[in-house]
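Coming up is one lone chain in structure tokens, specifically the form predicted alone.
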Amino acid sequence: MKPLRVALLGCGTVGSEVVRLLHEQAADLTARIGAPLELAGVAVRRLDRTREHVAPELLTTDAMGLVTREDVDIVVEVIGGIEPARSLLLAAMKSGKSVVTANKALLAEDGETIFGAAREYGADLYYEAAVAGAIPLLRPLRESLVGDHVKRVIGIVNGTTNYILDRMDSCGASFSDALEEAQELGYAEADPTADVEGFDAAAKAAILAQLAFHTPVSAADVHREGITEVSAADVAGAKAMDSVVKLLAICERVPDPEGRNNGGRGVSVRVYPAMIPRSHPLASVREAYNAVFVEAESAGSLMFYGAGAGGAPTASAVLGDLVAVARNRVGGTRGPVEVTYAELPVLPMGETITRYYIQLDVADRSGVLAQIAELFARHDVSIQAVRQEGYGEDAQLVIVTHRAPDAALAATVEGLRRLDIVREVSSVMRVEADEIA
């Protein structure tokens, strides 16, 4: 068969790996697809840099001209950001191209527009590389579990923050020292804001929630907290509870308590640091690796683990999508199309049910526990466990709550800060996964 011609948008860390793999695996890819893949052009911002494996005549700064060329069959986008990526992908699909993208920011901010264009123009749109690098996660949600009822997705989807928190736990490093080490190793950017403030994980959580629950979710809908406020006291407190601190992306379907809506009352989508027991499989995810649990009604619990970032792992996911859309073109078919038929509301964080770990420095005198217990009862928050250690006239209290609405838990913490007997609320962190005490 005649070659399928590929336009590549971007030739940075991931794009250059895609080009390398296209050259090195050309014969295997041809056999798997049933037709050869051929680079039609590579759109870059500057022409004065040498790109390995790319003939100079293939380079162009006219990205729009490249994606709308009649001889191009497939467009691969790895430039990232919102614009010009959005305009380029919309133009590509409108002109009949299949699209592969790794652009989590675009899909999280304006996924409905991109998915709508794929439906309108009958175009293939694949984006496995947008979440968790080489880990095959999105395709199981799109295809393997499409006949099931996904209840919850929880996991570690940002390698930079996992590396930092792992170093703080295993070596006692401070946040700043662990971040500097991550930057030296190439796990963190010079400006790490997107990672450490949770923006990257929130974008991925939005994509996962939209796929899992067939409902529109954008990055703006995701409750987001980063790890910059995670202190040595938080990590030490977790160790004392035989737990670790991880930045978690959590997407879950919230049941309708009256059973009126089989789809659920809504969905909760959030990203924040939380304690999880060391016995939980996510606690053993070390360094810059990612891992995600998917809990489905019939399939049960499934775990996906692997390298979540980096040029080669992400390029592997891009190539997997490229083979899939190429096979579809050869066979005259198309892949699945996202349908957000459920239209479930994204619930505010205050309505999310969770648990808190709270560490207090208090006056060590009679009646202290009674005042604190009365405050918890006033906010309808139940205490699961209390640990106290005395230090002369002061004492340290560690309280783990039962599950309660986050708004009630937050109000309880604010109330504690206003009590005269409380010297300081030194650590507050949510508790997820299995019960700990």
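Here the structure is a predicted model, which is why all the values come from computation and not from measurement. Take the two forms, superpose them, and find the largest set of C-alpha atoms that agree within 1.5 Å; that set is the rigid core. Start at 1 with the first residue shown and count on from there.
We do not show the form predicted in complex with a small molecule, though everything after this point is about it.
- Residue in contact with the small molecule in the predicted complex (any heavy atom within 4.5 Å), chosen from 97, 253, 104, 270: 104.
- With the partner omitted from this view, the residue of 173, 72, 117, 309 that lies near the small molecule in the predicted complex is 309 [heavy atom within 4.5 Å].
- Though the partner is left out of this view, residue 159 does reach within 4.5 Å of the small molecule in the predicted complex, counting heavy atoms only.
- The small molecule is not drawn, but in the predicted complex it has a heavy atom within 4.5 Å of residue 187.
- Using a 4.5 Å cutoff between non-hydrogen atoms, residue 195 counts as a contact of the small molecule in the predicted complex.
- In the predicted complex, none of the heavy atoms of residue 321 sits within 4.5 Å of a heavy atom of the small molecule.
- Screening 344-352, 199-207, 361-369, 144-152 for residues having heavy atoms within 4.5 Å of the small molecule in the predicted complex returns a single hit, 199-207.
- Put the two forms on the same core and the Cα of residue 192 is off by 2 Å or more between the shown form and the other one.
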